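Before any questions on binding or motion, here is one chain by itself as structure tokens, the form predicted on its own.
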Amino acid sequence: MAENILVIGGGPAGLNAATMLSELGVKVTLAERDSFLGGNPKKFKYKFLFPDMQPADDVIGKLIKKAETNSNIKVYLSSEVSDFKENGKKFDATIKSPDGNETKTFDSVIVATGFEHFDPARDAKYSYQLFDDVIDIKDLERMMGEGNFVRPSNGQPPKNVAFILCVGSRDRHVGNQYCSRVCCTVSVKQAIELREHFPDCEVYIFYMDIRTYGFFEDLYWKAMEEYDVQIVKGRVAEITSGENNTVICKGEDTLLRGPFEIPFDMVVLASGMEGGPQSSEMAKKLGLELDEHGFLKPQNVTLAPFKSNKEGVFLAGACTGPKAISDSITEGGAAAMDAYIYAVKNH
């Protein structure tokens, strides 16, 4: 009899977990809260993925197609786990969907509920939602994915754009002291895309520390040397309205140790990652632990990074902390193997 495994979350990690399990002959139930598969990359219409600028649809689209066409995977969209109980070494879970409630017994469970973007409106100094031309990286990603990058205020291409890094990350004021890992690289990638599409547009990146770790460092140098992106070490303290329908970034250049006040057509806020409400919901429903930052907590970050505190329930992707899409896909596969081993042993 084939093993039955529940995967909660249809983003990059959940999709890869589901497809890998299905190829092992496992019957997979994939429950996704949104009305579509693909997670944030699909929701915000990611166009290219770093570091190689590969079209997002070539990666995420492939995973979605595998999940939708594999007879071993039953997909529930606009759904949630409404009830969850241990049943010996197995689990009884009720999937609540538009078609009604369905209760099944599963041999193991993978939680891959992803992350939420920090809402910049929580920090007044960024003037997000106050000025039309102040957006964040997910807004910009969607605009570029739709091929419609213009100033929201007047529908015209911008002549200069500022990126502000570490919005909602490494900030005790908003309660997120951790680094969100990928915001620097995403911003650098987007800056390159802007320069490619608008060669006359000046692009600035204001940073505390650039953290394009590993091979992502190549994008950092490429942005400066090949695309003339101006990367400035400085802190923006305030965004206000300026003349001629501009927004003004006020702050301090921490290398030159001097204040600056620069008008821009647009400002892009590099909003970080948070665990989001779904992490706390999963913790409550499944009896899982949260870490001090609001992400789901692995049993042991080093030795058991995909095991939760509950035996038979495994974790994958950004639900355990900020990470790149490539890392989430890899973790989905690793969690699938852990869940499969557990299921076989206790079938």
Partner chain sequence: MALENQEKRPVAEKGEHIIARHLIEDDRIEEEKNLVIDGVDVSGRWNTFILSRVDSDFDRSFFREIKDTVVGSRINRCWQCGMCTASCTVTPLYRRFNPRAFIYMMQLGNLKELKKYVDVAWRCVGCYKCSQRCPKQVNPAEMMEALALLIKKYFPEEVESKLKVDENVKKIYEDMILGHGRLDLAKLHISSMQKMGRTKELIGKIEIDAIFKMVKDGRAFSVLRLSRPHNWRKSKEAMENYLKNIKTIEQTTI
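Residue numbers count along the first chain shown, from 1. Owing to the predicted nature of the structure, the values given are computational and were not obtained by experimental measurement.
Although not depicted, the form predicted together with the partner chain is the subject of the following passage.
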Checklist entry - Is there any non-hydrogen atom of G88 lying within 4.5 Å of the partner chain in the predicted complex? => result no
Next on the checklist: So in the predicted complex, is the partner chain close enough to S241 to count as touching (4.5 Å, heavy atoms)?
Outcome noted: no
Next on the checklist: Considering non-hydrogen atoms and a 4.5 Å limit, does the partner chain approach F215 in the predicted complex?
Outcome noted: no
Checklist entry - Would G145 show up as a contact with the partner chain in the predicted complex if we use heavy atoms at 4.5 Å? => result no
Checklist outcome for this item: in the predicted complex, the residue from C179, L130, L77, V232 with a non-hydrogen atom within 4.5 Å of the partner chain is V232
Checklist entry - Considering the partner chain in the predicted complex, which of L256, A121, V150, A237 comes within 4.5 Å of it through any heavy atom? => result L256
Next on the checklist: Can you tell me which of 137 to 145, 103 to 111, 170 to 178, 216 to 224 lies within 4.5 Å of the partner chain in the predicted complex, counting heavy atoms only?
Outcome noted: 216 to 224
Checklist outcome for this item: Checked 166 to 195 against the partner chain in the predicted complex; residues with a heavy atom within 4.5 Å, sequence order, are R195
